[in-house]
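Next up: just one chain, as structure tokens, the form predicted on its own.
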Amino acid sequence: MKIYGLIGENLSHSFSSRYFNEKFLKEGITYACYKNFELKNISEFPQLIRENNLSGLNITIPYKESIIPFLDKISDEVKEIGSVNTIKNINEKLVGFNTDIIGFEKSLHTLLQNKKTSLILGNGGVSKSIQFVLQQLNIQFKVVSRNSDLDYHNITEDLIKESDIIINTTPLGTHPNINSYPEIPYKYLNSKHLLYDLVYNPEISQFLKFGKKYGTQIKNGLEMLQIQADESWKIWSSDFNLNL
């Protein structure tokens, strides 16, 4: 049996297990399964590898950066970004990839229009992928994070108004903590803004509800998640002799 899975902290809300197991079923692959592996600390990863014959993994919050020292090889994109969300076991070597960048770019593409500036909330692993994509698209951005030069208390009216896109990369608002949200001055939002929330459960987070209240365009993270999952599947697909 080939075992694939998701590594993270709190995975009860994740769609990945159902998504990939349904994909195995659809493709008639009866010798593979996908499981959730909740780790309290990334130091538990070596034991997980020892105890399971893992063919591939997805990585989510908060381990996209801290997983890298445990890998045997990483892709060029990971070397530049410093964030991994997909692993493939290739001849007993763990190789790290980043498909978040493809997922975000494709899901954002049709919404860009003339948007040229962005405010990124959070500076974790997935935020690094977002920053990479915005650099490739020549979209200027500023990063807001706690304990940094630009924290949430420094977000001014001018900063909101000059930011065409505001992207929440934090887990705030994710089920079951659906009433939480990034504390920014939402009252300065208007119809020129795009609010993009990487949270997908619930479908409309508190962050996006504030956006709707002030007439902004909104988008959740489900499409990005689906695209990056499909890209992970492509990385693993050689294991199944599929023509994709």
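Counting begins at 1, following the sequence as shown. If you're wondering where the values come from, they're calculated on a predicted model, not measured in any experiment.
The same protein also exists as the form predicted in complex with a small molecule; that form is not shown, yet it is the one meant from here on.
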* All of Val126, Ser145 and Thr174 with a heavy atom within 4.5 Å of the small molecule in the predicted complex -> yes
* Listed residue that, although the small molecule is not shown, lies within 4.5 Å of it in the predicted complex (heavy atoms), from Ile204, Ile29, Leu48, Ile61 -> Ile61
* Asked: So in the predicted complex, does any heavy atom of Glu65 sit within 4.5 Å of the small molecule?
  -> yes
* Going by a heavy atom distance of 4.5 Å, is Leu198 a contact of the small molecule in the predicted complex? -> yes
* **Touches the small molecule in the predicted complex: Phe141 (any heavy atom, 4.5 Å)** => no
* Given that the partner is absent here, does Gln228 sit within 4.5 Å of the small molecule in the predicted complex, heavy atoms only? -> yes
* Structure fact -> Within 4.5 Å of the small molecule in the predicted complex, heavy atom basis, the matching stretch of 88 to 96, 111 to 119, 164 to 172, 74 to 82 is 164 to 172
